[in-house]
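Only one chain is shown below, in structure tokens, and it's the form predicted on its own.
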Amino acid sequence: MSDAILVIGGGIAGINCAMNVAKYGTKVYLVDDTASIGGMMARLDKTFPTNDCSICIEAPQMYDVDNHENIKILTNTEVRKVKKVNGEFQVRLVTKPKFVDEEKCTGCGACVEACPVSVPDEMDGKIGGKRKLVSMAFPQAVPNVVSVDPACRHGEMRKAGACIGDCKVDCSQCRECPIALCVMACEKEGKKAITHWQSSKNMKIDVKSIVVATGITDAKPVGDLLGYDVYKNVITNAQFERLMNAGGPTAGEIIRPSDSKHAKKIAWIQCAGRGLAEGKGTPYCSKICCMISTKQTIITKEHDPAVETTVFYNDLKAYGKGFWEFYRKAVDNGVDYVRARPYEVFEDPETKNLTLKYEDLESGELEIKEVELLVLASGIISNKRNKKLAKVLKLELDHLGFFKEKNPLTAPLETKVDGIYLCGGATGPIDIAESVVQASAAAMLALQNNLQVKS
């Protein structure tokens, strides 16, 4: 597979890039360092400005990638070393163990049911989401197999009630575990897929081109920004996205974290933390937050037209096709947009309702508003793993942690290293439609480079 292309990142950009390359008969390694491909899009409820089901769009593409003869998916895998020799890249990959035999696991869920310990889900913890120590990333995960939390495997969850108890035997030496409930549940199903003795695997591949599609992530509010770390009913827009998702922890019920009551008065604060000192906020406009909040207000109204929805904003960013009409749809549905600068939030200790103090930028007056749930649009930031990957690939990052293009105007998807290309959130905040377009362009650049190297 020396004519192959390596795509780093299995989100919507990486998936589309891999498919475009594979359609031309070229082999592709699609690498992701999480347990499943899909990226952030797989966790969304709907996409703007059409409000189509996110996973309904992406799941068929994930299936196609998984079943394409020219594509090899490598999850839980990191790129550790890259060396360029005679125009080709020699790449060393390390696949971390899931402690599950992917060939035997059918995703039946028997081991998940047997696991006695639940922990807060990394994305959904504040809104009540939990997962077992044996879990699947999400129902449509690809590959559709479970993975065992390394903290459980290494004995760090004993105090939480993990079923391994006080066993001191190294799992790599003992392959007939009589203690772990997940192992016994799997064996009862006749599969023997749970393999606690599994270890990391090294893999070397040769490719002619590399496409970096590492994606983006949501910014977590720092400290007690507008009551985030103080009051339970202050959440981020990413958490609200999971709250209204039928596949989320509340099955799509928009309820308050404090008491699980349906919220009837909800406010969104745009640019939450924007412009604060380095390390305390997002120092730039994330470009897509206005449309994310607009989408969420429209869907909230679809859930219950009686819900009072208010968006506090400074400037409205509606740059894409159909975005302004999308905003007008929200207004026509009764969403109240207030140009304001919120500065303080406090909670009623009895009702858990929140009072928001703000300056009305139209009138210059100081106002207050009581809401039951407050959503912070805290921005989009670069993938935290970009720094390590940039060092391996010998690429530069900008001061915000995104990969630098060779030239933002004339070569926006190229890098200073010939044969390495960028797409999607690797270069900055971006929406799904733009990511797909860039993925197609990056795929063509990689294929063109392969032909040049071959000749």
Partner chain sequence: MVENIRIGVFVCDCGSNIAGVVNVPDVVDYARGLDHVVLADEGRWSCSVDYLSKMQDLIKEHQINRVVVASCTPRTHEPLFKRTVKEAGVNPYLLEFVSIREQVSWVHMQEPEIATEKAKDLVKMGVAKAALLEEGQEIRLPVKTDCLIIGGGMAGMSAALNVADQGFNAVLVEKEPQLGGIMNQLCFISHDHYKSPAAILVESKAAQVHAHPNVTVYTDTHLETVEGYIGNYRVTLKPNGDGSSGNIDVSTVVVATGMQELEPEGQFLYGDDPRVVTQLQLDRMLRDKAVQDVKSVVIINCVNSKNETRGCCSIGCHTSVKNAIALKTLHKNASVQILYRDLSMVKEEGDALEKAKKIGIKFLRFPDDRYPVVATENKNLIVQVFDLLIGKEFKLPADLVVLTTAFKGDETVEHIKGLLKVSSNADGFFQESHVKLGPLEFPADGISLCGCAKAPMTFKESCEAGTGAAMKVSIPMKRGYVEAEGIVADIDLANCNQCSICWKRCPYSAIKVDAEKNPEVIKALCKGCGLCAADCPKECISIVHYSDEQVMAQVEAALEDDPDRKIIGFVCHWCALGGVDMAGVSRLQYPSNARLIRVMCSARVSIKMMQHAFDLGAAGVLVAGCEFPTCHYITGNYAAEKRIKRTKSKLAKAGYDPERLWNIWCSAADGPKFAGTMREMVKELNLK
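Residue numbers count along the first chain shown, from 1. Note that the structure is predicted; figures quoted are calculated from it, not measured.
In what follows, reference is made to the form predicted together with the partner chain, a form of this protein that is not presented.
- Screening E308, E367, D229, E189 for any heavy atom within 4.5 Å of the partner chain in the predicted complex leaves a single hit, E189.
- A residue is said to contact a partner when one of its heavy atoms sits within 4.5 Å of a partner heavy atom; K321 meets this definition for the partner chain in the predicted complex.
- Contact annotation for C108: at least one heavy atom lies within 4.5 Å of the partner chain in the predicted complex.
- At least one heavy atom of Y313 is located within 4.5 Å of the partner chain in the predicted complex.
- The partner chain is not shown here, but in the predicted complex it comes within 4.5 Å of a heavy atom of A246.
- For the three marked residues, N51, Y63 and Q140, a heavy atom of each sits within 4.5 Å of the partner chain in the predicted complex.
- Figure note: of the listed segments 82-90, 247-255, 206-214, 168-176, the one touching the partner chain in the predicted complex, with heavy atoms no more than 4.5 Å away, is 247-255.
- In the predicted complex, the residues of 391-425 lying within 4.5 Å of the partner chain by at least one heavy atom are, in order, D398, L400, F402, E405, P408, L409, T410, P412, L413.
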